[in-house]
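Coming up is one lone chain in structure tokens, specifically the form predicted on its own.
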Amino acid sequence: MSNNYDFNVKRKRPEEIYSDVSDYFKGEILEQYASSKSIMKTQEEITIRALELLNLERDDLLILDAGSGPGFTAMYLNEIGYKTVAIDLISEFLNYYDIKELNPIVADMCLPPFKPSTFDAIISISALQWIYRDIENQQMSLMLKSLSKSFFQILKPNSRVVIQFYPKSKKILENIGKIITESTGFHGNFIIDHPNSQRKRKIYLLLEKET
């Protein structure tokens, strides 16, 4: 992998235009997102890759889907046998869940309402950029610290977290790694698939909580 890849994102993303995720995901946009077969397919592919990185030894483990949106990841995990808890801040997204299969929780992923050492793994897809996207914003830094500490607390020892997200720049990517390692006992690294392709590139943060 070349270290000279760049982001070169010229078009503003929704998280740069809207100050709050709930200001963007509402009404027609929320419905289109939740009903999109292409987004569902993409998130299932990302989930499969996240499972590869987690390298779980059993399929009866409890996984948290943090920032779950309309449930593409949670539903897929449930279908292949994992016990899954899904949380999202936007209650309207949770209307798309099959309540007979999953019981989603309305909650902020930065302040998850769970006891310590609850989960065997945590997956978060396409959500982190809404929490941290401006290196000058102290509130965002505090929220990222809160998320990091919360994930570390609710994760069982010798377990992993995979966070897939879309950073705007390499500087933001580096700051996220710095804040998390300084705030918690997590060990980890970034995995970048197709680093030199703007269209295909996927960025994952793999974190491990050791004993």
Ligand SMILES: C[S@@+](CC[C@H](N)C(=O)[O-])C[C@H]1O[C@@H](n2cnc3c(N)ncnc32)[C@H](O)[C@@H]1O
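So that there is no doubt, residue numbering starts at 1 and follows the sequence shown. Model, not experiment: these values are computed from the prediction.
In what follows, reference is made to the form predicted in complex with the ligand, a form of this protein that is not presented.
Q: Taking the shortest heavy atom distance, is W130 within 4.5 Å of the ligand in the predicted bound form?
A: Yes, W130 is a contact residue.
Q: Examine D108 and determine whether its closest non-hydrogen atom to the ligand in the predicted bound form is within 4.5 angstroms.
A: Yes - in the predicted bound form, heavy atoms of D108 and the ligand come within 4.5 Å of each other.
Q: Although the partner isn't part of this model, could you tell me whether I122 comes within 4.5 Å of the ligand in the predicted bound form, counting any heavy atom of the residue?
A: It does not: once the ligand is placed as it appears in the predicted bound form, I122 has no heavy atom within 4.5 Å of it.
Q: Quick one: is V21 in contact with the ligand in the predicted bound form, heavy atoms, 4.5 Å cut-off?
A: Close contact exists here: in the predicted bound form, V21 approaches the ligand to within 4.5 Å, heavy atoms only.
Q: Select, from the options 170-178, 152-160, 66-74, 52-60, the stretch whose residues sit within 4.5 angstroms of the ligand in the predicted bound form by heavy atom distance.
A: Single hit among the candidates: 66-74.
Q: Judged by heavy atom distances of 4.5 Å or less, which residues of 73-97 approach the ligand in the predicted bound form?
A: Read in sequence order, the residues that approach the ligand (within 4.5 Å, in the predicted bound form) are T73, D88, L89, I90, F93.
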